[in-house]
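As a starting point, one isolated chain is supplied in structure tokens, in the form predicted alone.
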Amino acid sequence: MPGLVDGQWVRGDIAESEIHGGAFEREPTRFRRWITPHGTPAPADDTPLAAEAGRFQLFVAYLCPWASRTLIARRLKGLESLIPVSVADAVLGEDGWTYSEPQDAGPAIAPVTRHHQLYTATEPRYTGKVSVPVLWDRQAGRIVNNESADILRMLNTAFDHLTGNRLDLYPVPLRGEIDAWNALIYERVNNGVYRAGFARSQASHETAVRALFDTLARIERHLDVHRYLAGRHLTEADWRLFVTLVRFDVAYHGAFKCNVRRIEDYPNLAAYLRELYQWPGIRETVNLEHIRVGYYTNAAINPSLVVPLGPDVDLDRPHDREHLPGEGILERPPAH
């Protein structure tokens, strides 16, 4: 796959190193430092960084669902003025994620045109996958964290004392339910579409596709009587599902051969997708053209590189889910 070997960029099949026995197995992320409100120890990091306005930067791609969920958290938590964002080009080519316009990443590093520059600045002899999102420390000139689940949680709490934003995407009373949905959705839906699309054996592909559509059917039934995954409240579990749903008909249905059904064929899922897309500020985090072009110009899954014109997707139609009880996003009580 394209990636770094001992700090040197190597070109190749994007998924080659993550295929084992014909099945796709995602490489774990490597940088897992945390940010907390005042640099106080966190369960996952004894020496976290303190939240500061302007110190951190988010590097993302509209193509990538993992990056998109961090963009959503940044928007919902009102962090646009505190955390600048750099968006990679739509096409993920032989040079990995690239930036047509050089990106200012702070005084410790030259302007960035290749995403892998962030990795070698952090670890000069780095070997491995070069992924988005990256939460970057502009002051130190190094990656803080490249695990989207961690970044989502950090953005949910670390900067509240600077913004006054009390929206809580991971409220304590719902954490057990959220965690259960996250585990199911990650394995069978978020990563499930990749396991289907990058499979190199018929059996691996069919196993992933069956698990994917069984899970979509289960969620469809749940959404018939629940406004959101955790019931009345919109949480991170919904946004983690949303980033796959919004890409499904445009990309995964065709490019990843997940073509048993479209999301549009599920009345509840399709309406739920539209409701989340229409939530204030969310449509600005979605670029359907980047998604369409990005997936279909990936030679590992579409060797011809021909990009389809469709499908036409209308996410602005009424969602008609107001008949279900829902209270949106909970607010965290102020600290005493």
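In case it trips you up, residue 1 is the first one in the sequence shown, and so on. Just so it is clear, the structure is predicted and the values come from calculations on it, not from any experiment.
FYI, the form predicted together with a small molecule isn't displayed, but the following is about it.
Across the options 76-84, 126-134, 172-180, 155-163, residues that bring heavy atoms within 4.5 Å of the small molecule in the model of the complex belong to 126-134. Proximity to the small molecule in the model of the complex, defined as a heavy atom within 4.5 Å, holds among Q103, T235, S148, T244 only for S148.
Contact with the small molecule in the model of the complex, judged by any heavy atom within 4.5 Å, is made by just one of Y99, Y266, Y194, F213: Y194. At least one heavy atom of L92 is located within 4.5 Å of the small molecule in the model of the complex. Mapping the unseen interface onto this chain, W66 counts among the residues with a heavy atom inside 4.5 Å of the small molecule in the model of the complex.
Residue contact check for T29: one or more of its heavy atoms lie within 4.5 Å of the small molecule in the model of the complex.
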